[in-house]
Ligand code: HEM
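Have a look below at one chain only, the form predicted on its own, in structure tokens format.
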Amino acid sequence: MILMSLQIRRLHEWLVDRLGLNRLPFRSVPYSYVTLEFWLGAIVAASFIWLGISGLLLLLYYDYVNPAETNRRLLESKPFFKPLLTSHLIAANIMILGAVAHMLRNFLVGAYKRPREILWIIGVLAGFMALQTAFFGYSAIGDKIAVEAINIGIGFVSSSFG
């Protein structure tokens, strides 16, 4: 029993050290940190939040039988649909580009090293999920771009796994 509590205490101390929980509550941020490279994560997070909101609104009108024709009809009939769809597509591009820039910045600066390796692993997994979501988002539209995305995905999978 004592050995188990010692292991739990070590695990707790390791998580507190790695995640920086001992430095809470929030500290003030120096003005030198208010640059674009330090805001890349916030840009990605804001894009993700907008993608969730606009994606749910677009999902209300999604028709899986004929999605391309439904989008075309909705673009002509609903006055709010075009800005919503356009902002969703722009936010998707901003999120993917911002995530790549954020990952490259953290890799080049060495922010993946101790004590932040757990955050790096979570970020890499989140980036992989973002790319998968982008692929499925393109393929859900049902137009020529969707067919090309599916063909690229098939080619990637078949060349990766033989």
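We number the residues from 1 along the sequence you see. Just so we're clear, the structure is a prediction, and the values are computed from it rather than from any experiment.
A second form of this protein, the form predicted together with ligand HEM, is not displayed here; the remarks below concern that form.
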| said: Although the partner isn't part of this model, could you tell me whether residue 70 comes within 4.5 Å of ligand HEM in the model of the complex, counting any heavy atom of the residue? | reply: no
| said: Taking ligand HEM as it sits in the model of the complex, is residue 134 in contact with it (heavy atom to heavy atom, 4.5 Å or less)? | reply: no
| said: So, residue 31 and ligand HEM: in the model of the complex, are they within 4.5 Å at any heavy atom pair? | reply: no
| Contact between residue 124 and ligand HEM in the model of the complex at 4.5 Å, heavy atoms? | yes
| field | Every residue of 38, 42 and 120 near ligand HEM in the model of the complex, heavy atom within 4.5 Å | value | yes
| query | For 92 to 131: residues with a non-hydrogen atom within 4.5 angstroms of ligand HEM in the model of the complex? | reply | 99, 102, 103, 105, 106, 111, 116, 119, 120, 123, 124, 126, 127, 130
